[in-house]
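This document contains two forms of one protein chain, each encoded as structure tokens and listed individually as structure 1 and structure 2.
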Structure 1
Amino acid sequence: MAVIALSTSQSPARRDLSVKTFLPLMAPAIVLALFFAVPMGMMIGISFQSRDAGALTLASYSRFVNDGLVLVGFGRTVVMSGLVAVCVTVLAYPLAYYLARSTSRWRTVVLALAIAPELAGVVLRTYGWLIILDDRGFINSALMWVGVISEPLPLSKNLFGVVVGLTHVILPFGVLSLLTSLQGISPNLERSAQILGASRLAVIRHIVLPLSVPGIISSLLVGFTMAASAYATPALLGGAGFKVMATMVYEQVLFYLDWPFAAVMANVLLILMLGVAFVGSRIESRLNQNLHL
């Protein structure tokens, strides 16, 4: 309740402003329409073509719903992306909070460390993980040397390895998403609450967390979509037994040369993620309205 009282109120007149609100939108919308929507429209067109003659057909769609392997891959993608989104957000939150509030000299170091991995190139970083997680990698060698285990733990070439690798790749993006949101929350709110006797835990629970919901949603969305469309990490850390939609799309485009089927898979992926993003922004604007009454 404290939140609502301290937040701003909004004049209802602002909502139904005229076409002027569309003007700034024109530039990005035109760029995206021309270089994304039209090309994607062409891909959607391809998804209805037969592989050879170019005749119209729904064959690729029916193949999608009847192909057990593809459906398993689809399910895997959803599970994997969901896990990654949650892991990224949970791990990014403390970092982002620290970055938003700290004034210590270490802040810059932490910031550098939070972003640095992103610059090392995804392929090499993934090799780094392979060296760590492999059956003969550091972790397994160390554990076997100590004698905790006698057989290597299955840390790579499975869901676990992929989630670890992707969480690592996407974490900086989660941090940046949350940082933006947390920096928008006035430290004065927290201070006032503490002066009024609220514990640290209560401050986090009742002030910081609710106000950072846009950042949390942002981080979850970015985590989910980046994970679902990532290729290199699942391909390298997942191995032959762990195929997700993105790896299957690559295979269809480059190896099987079945572009209609690749287009179908890409479209399904797009619809899934548009759905997720739409739900996310609905929740966000609902919350936003509640906060700003």
Structure 2
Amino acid sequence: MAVIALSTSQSPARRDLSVKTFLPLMAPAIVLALFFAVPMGMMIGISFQSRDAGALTLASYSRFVNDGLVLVGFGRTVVMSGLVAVCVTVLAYPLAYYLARSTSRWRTVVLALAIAPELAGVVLRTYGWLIILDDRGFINSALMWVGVISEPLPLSKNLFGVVVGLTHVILPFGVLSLLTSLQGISPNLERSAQILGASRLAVIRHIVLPLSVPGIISSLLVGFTMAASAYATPALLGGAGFKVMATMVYEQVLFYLDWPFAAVMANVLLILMLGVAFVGSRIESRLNQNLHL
């Protein structure tokens, strides 16, 4: 009887296949290591250094926990980012739904207008909102000229102005996130529900919205993370008294030259965004699993 011996060693062809598989990933991995992992590691190391002597210490972290102004800025960052995320998602959803379902020739024009704000710089768009929302801006001047108000409304140099400006900046990203999700929902489901007697509002409420929850979560995550790390819009529309984590890191680096404390605030901001992204991705993954059951 013939005996066939099986070798457990990997064949050269299979080894070559493994190398060819991972070879395209080497360049992105090197770029990520050089421009993300190494700088992040350096920033973490700086956060444990003393400002003067350079010795290892937890003084900067202790200062962050005990500094009331910094904690207020951290809380303001969370509130601002949450409001921007909600506003972006609410405003982007009907526009994304129209783009996903429309067959009109105006669809391309609407899509171009939705993405058009990204063609201008963030500073330029922020200055545009500053002209509109300022005490002597377009809105207050028009309302005072008509006689509706006798003194300017506080539309800028506060949370309201910053949320408006950031919503305008981040809105195209919310539209694209929701558009991808809504395009994955078959229009036949909506037509079938309407044939069975469901109203348009009922179809959107019971079919479209539940199936597009992953896209909604993606839009919320994009809005939150981009707003939390924004600097130009809070600095210009919020004014000197509106402190968020990004503006405080800028001040610590350039004005106070306290790099360890700035690194601590940057690390906390990064942990915040990673935590929100992790929770959102877990919720999105669970929802996707439930939809496929």
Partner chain sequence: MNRLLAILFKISLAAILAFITLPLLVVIAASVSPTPAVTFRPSDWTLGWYAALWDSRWLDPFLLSVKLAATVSVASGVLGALGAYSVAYAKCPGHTAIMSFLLSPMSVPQIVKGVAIVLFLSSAGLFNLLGTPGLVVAHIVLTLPFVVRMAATAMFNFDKRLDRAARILGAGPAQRIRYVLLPLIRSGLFSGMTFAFILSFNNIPISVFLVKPGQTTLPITVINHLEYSLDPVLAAVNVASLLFILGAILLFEKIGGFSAQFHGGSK
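Reference numbering: structure 1, starting with residue 1. Just so we're on the same page, rigid core means the largest C-alpha set that superposes within 1.5 Å between forms. These numbers come from a predicted model, not from an experiment.
Between the two isolated copies of the chain, the first is the form predicted in complex with its partner chain. Positional change of A240 between structure 1 and structure 2 stays under 2 Å at the C-alpha, relative to the superposed core. After superposing on the rigid core, the C-alpha of L32 is displaced by 3.0 Å between structure 1 and structure 2.
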